Structures are given as structure tokens and as C-alpha cells.
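Heads up, the chain below is alone and in the form predicted on its own; it's given as C-alpha cells.
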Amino acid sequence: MRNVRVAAAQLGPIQKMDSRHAVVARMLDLMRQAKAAACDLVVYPELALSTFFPRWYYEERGDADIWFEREMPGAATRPLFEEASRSAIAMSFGYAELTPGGHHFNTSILVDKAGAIIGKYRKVHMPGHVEYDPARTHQHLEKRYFEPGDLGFPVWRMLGGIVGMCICNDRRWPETFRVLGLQGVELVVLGFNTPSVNSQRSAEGLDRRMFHHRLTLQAGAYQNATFVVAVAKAGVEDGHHCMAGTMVIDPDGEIVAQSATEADELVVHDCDLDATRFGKETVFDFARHRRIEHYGLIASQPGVVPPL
């Protein structure tokens, strides 16, 4: 049995006025709860250090740089790394990354129990739009402020297993999970900030959004025989509601743990990574069953091309 006790550390709303230090204090409180629960890994949401700023339009894109981290750890975030090391607990969290070369990414990191960064992922599937759109009920300007990730979908050996990362909208794309699955992933961690209403279809509210959320996570877990830990930033941020839905999915695609609130909340579950073996050795034994000679369109054609 290769057990990893995971703490999915949901964050309630972070307002525009909240400082990094105030947010980190909340994250530290959740980490200490995770330590008290004897957890091995604590997972925080996408853009865990700030409000979901892509809902705000800055005419000068550089004005949004106030939300980006130029170093990791920095002065505000170093206490997280120090506490992780003291507590011997691994962690993952998302943040806005501004590289020394001036590139902007929606990023997530893996930190080991010694407090060292061992893995980095940059969000690949960027949703939303570039320019202000008055027809939308709210703005979703990720394409304005972030570049698509340039690191692909790597995995890392950690905590006795194989761990991968993705972020928010990545979960909607089966290619995300399959590329991770082809590397033997056993635990996928992801954070998300998801509005409870579709900005382009107001009738698509919380129930349907949550249905799609569960559907993508459960399909990705089952079809790749992996645990998935998905962690929300939830509640009403600056007048905009984000859904919760923090949950752990097992390799059979079952929801085995989930949040009950839209506030700061710890969801703890024991993930036996050996439970991934049955699916990987039977229905989803890729080496025996995949037929890559028929999959060329997936990697060669970005859009739909109907027959003539």
C-alpha cells in the first residue's frame, strides 16, 4: 500500500483589497490543520495568492503586473515554504508568474517536504478573451494577461508515486489527462477559480457548471486510472461568485471526498496509489490497447475540418 494522505485546501473568497500577507496567513492556517491531520500533501487553488484578477480590465496590460510574483518564494510567500519544511508536508499552489524575461504565466508548483520546489507547470489551455467585451455578464481576460504555458504536461516522482499538475480549464480537455496518463500519473493535483455563471450564457448557472466540473474530473480520473485532487477558490469575490466543488476523485472515477462550504475548508482523503494499478493493467493498459496509427488528427489539427 502506497498511501498519500492529501489535504485539499479550499480557499474562500479573496477580495481585491486583501494583502498577500493576509492570504498567506489563511494558507498557513490550513497547512497547520493539514499537519494536525497527519497529511502528506496540501493542495491549494489556482491563483491562490490573490483575487481572480482576470475579471478586471486594465487598458494598459502592464498595470495588471501588481498581481504577479517575480520570484518564488518571495518575501510574502516564504513563510509557506518554511512551514512546509518544519511540518514535513509537501504542497502545491497556483500563482501568477512574471519571469525575468518578462513572460506572464498562470503557474502552479510542487514543493517537497523539505520546502524545495521540485516541479513547475504553466497553464496550457487559456480560456476567455483578450479585449473588453460588453456583451458578457462579466469579463474573463486570461488571454489578455497570460501566455499559454510552455512546459507541456510533465510529471514528477514524489511521495512514493507519480504526480502531475494542471490548472482549471485544463481539466476540460481530455488531452491534458491522457498526456499525464501516458507518463504513468497516479495523482493529478489542480486548482481552479470557476465563475458560477457562464459569462456568455447566463442560463448556464451553478448546477450545470458543477455538473460539467464533476464530469471532466471523473472522466479524466477513470480514463487514466489516476486520483485527481481538484481544489477551488470559492465564494463571492468583489461581487462575483465563484463555485466551490473541491473534491477528490479515485481511479474508478468516483467522488470520494468533497467540500461542504464556500469558505476556507480542508478536505482530507487517503489516496492508496496502488489502487491505480488495476485500471492501468486492464481496461486502460495503453501499451496493449491504444491504436496511435488512428490518432493523428489529435496532434496535427487544432480546429474542426468537416468533410466536403
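Bear in mind that the values here come from a model prediction, so they are computed numbers and not experimental data. The numbering used is simple: start at 1 and walk along the sequence shown.
Unshown form predicted in complex with a further copy of the same chain; subsequent notes refer to it.
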Does His140 reach a further copy of the same chain in the predicted complex if we count a contact as any heavy atom within 4.5 Å?
-> no
Exercise for review: Decide whether Gly102 counts as a contact residue for a further copy of the same chain in the predicted complex under a heavy atom distance cut-off of 4.5 Å.
Suggested key: no
**Request:** Please run the contact check for Phe81 against a further copy of the same chain in the predicted complex: heavy atoms, 4.5 angstroms, yes or no?
**Result:** no
Checklist entry - Taking heavy atoms only, is Phe278 within 4.5 angstroms of a further copy of the same chain in the predicted complex? => result yes
The one option of Leu206, Val236, Ile118, Leu182 with any heavy atom within 4.5 Å of a further copy of the same chain in the predicted complex is Leu182
Problem - Candidate site Lys16, Ala135 and Ala257: all three near a further copy of the same chain in the predicted complex by heavy atom within 4.5 Å - result: no
Testing 107-115, 170-178, 94-102, 188-196 against a further copy of the same chain in the predicted complex with a 4.5 Å heavy atom criterion leaves exactly one stretch, namely 170-178
In sequence order, the residues of 192-223 that place a heavy atom within 4.5 Å of a further copy of the same chain in the predicted complex are Asn198, Gln200, Arg201, Glu204, Arg208, Phe211, His212, Leu215, Thr216, Gln218, Ala219, Tyr222, Gln223
